[in-house]
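Before any questions on binding or motion, here is one chain by itself as structure tokens, the form predicted on its own.
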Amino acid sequence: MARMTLDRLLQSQGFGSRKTCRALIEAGAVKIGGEIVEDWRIEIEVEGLAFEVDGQPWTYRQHVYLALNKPAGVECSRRPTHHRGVLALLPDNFTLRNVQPVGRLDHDTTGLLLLSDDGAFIHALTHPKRHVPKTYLATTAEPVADTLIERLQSGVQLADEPAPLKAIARRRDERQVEIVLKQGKYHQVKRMLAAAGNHCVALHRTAIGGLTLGSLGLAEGEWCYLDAERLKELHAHD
């Protein structure tokens, strides 16, 4: 099993530089098995290790995979410009270990957002060839007509696209339509609705692949870790 010194372990989990981590350890802020450990030089088996820092419990994770119920008015950027950044909703450790959004939601779009520090995972979910479906619930300015559903399903032409784009579309309410996309074009849902003759006034992402926001039980602004079983749900559509 992998082993590392305690200062390197804390650094890998986003507690700061090695100097900062050594200071935490020497100050008695770190507990393992309920006992304070003040020697940063000791080597520890890291797999599944449970520990505490300043009384807060943590478990060692080589990579983190997170789901967040994103509220409106939040930018999916590590360097936000006009609104609060999404990483402000998470513990500081995740920023320090380079966690980033898996794809983006517009600042006014709400719902399921994934974040990770695993570059291969991010690439696999965002690469255009993977075609991981994403499900949205759009609220429209005008009632959802049969012709709107037909246009979305047969394909609408966007100004900068070489061919019409199609979506799976279902009416959910008089002014709500569920839209499933396998592409990830800029403002795609909003632009497709406009091209099909309506206008999007609110947009909420409910699922990525087979992973649904409802099954996670997250209130707006809340986040959780995704375990191996939850990660499998992302590919349940395959």
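Don't overthink the numbering: it's just position in the shown sequence, from 1. Keep in mind that this is a model prediction, so the values were computed, not measured.
The same protein has a further form, the form predicted in complex with a small molecule, not shown here; the description that follows concerns it.
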From L87, A138, V144, L105: within 4.5 Å of the small molecule in the predicted bound form by heavy atoms is L105
Checked R172, R41, H199, H187 for heavy atoms within 4.5 Å of the small molecule in the predicted bound form; positive is H187
Is S116 part of the interface with the small molecule in the predicted bound form - any heavy atom within 4.5 Å?
no
| task | Determine whether any heavy atom of L203 comes within 4.5 Å of a heavy atom of the small molecule in the predicted bound form, and answer yes or no. | result | yes
Testing 43-51, 188-196, 29-37, 60-68 against the small molecule in the predicted bound form with a 4.5 Å heavy atom criterion leaves exactly one stretch, namely 188-196
